[in-house]
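A single chain, nothing else alongside it, follows as structure tokens in the form predicted alone.
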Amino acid sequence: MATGILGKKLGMTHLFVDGKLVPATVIEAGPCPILQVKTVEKDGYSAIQIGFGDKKKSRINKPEAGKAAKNGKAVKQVVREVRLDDGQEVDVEKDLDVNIFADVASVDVVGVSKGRGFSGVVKRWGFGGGRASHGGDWERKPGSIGMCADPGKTIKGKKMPGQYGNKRITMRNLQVLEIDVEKSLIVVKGGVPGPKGGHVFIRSTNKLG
């Protein structure tokens, strides 16, 4: 069966594990219906297309409505493909749920980090800044970004002000602390990218989906 599922970050909490207080993130994972099956013969690779969260009727376009009428399933907010091994069979009528991680010790969580807009080097990269006295006048400035006469340019990749956040981030090897199949919840150790209510993709560690 597939090794990944879509979900929604509900927030953070803490749990006692072996007598120690550890931070944890609660994620609503699934259920995710299988919207489409792709095969090697027809598409060149083997995968399934899963969805999560019903989309408002006012936001559904004609292609989405046509596909929903064809497969008999509601239009979803988030749709993603999950790769399968060649020849692996799936039950299209059965939704994926958090139970696929019942015997999994750790997972990878993929999400989009909070967008913080255009930020300076102190906020974006943690620069210390300059002195705040004796006429410094560069408390939150990056300082020199150039070189001497040779090569006389700014090196590619130099840490500078710019867009901060709103990037795809993968948190790897997060320990699975608890699973609640009835409520479709999975609790992982540590934090995951994105705000409360943000959509994430959960997969078994070292499995590409």
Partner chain sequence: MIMNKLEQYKKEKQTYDAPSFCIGDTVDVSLKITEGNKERIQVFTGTVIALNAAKTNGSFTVRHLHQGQGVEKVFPLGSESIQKIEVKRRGDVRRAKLYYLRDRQGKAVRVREKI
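It should be emphasised that the depicted structure is a prediction, and the values quoted were computed from it without experimental measurement. Positions refer to the first chain, counted from 1.
The discussion below concerns the form predicted in complex with the partner chain, not included here.
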- When you measure heavy atoms, are 16, 185 and 197 every one within 4.5 angstroms of the partner chain in the predicted complex? yes
- Message: Test of understanding: in the predicted complex, would residue 50 fall inside 4.5 Å of the partner chain by heavy atoms?
- Response: no
- Message: I'd like to know if residue 11 sits close to the partner chain in the predicted complex, meaning any non-hydrogen atom pair within 4.5 angstroms.
- Response: yes
- Query: Looking at the partner-bound form in the predicted complex, is residue 54 within 4.5 Å of the partner chain by any heavy atom?
  - Reply: no
- Query: Quick one: does residue 178 come within 4.5 Å of the partner chain in the predicted complex, counting heavy atoms only?
  - Reply: yes
- Within 50-69, the residues that have a heavy atom no more than 4.5 Å from the partner chain in the predicted complex: none
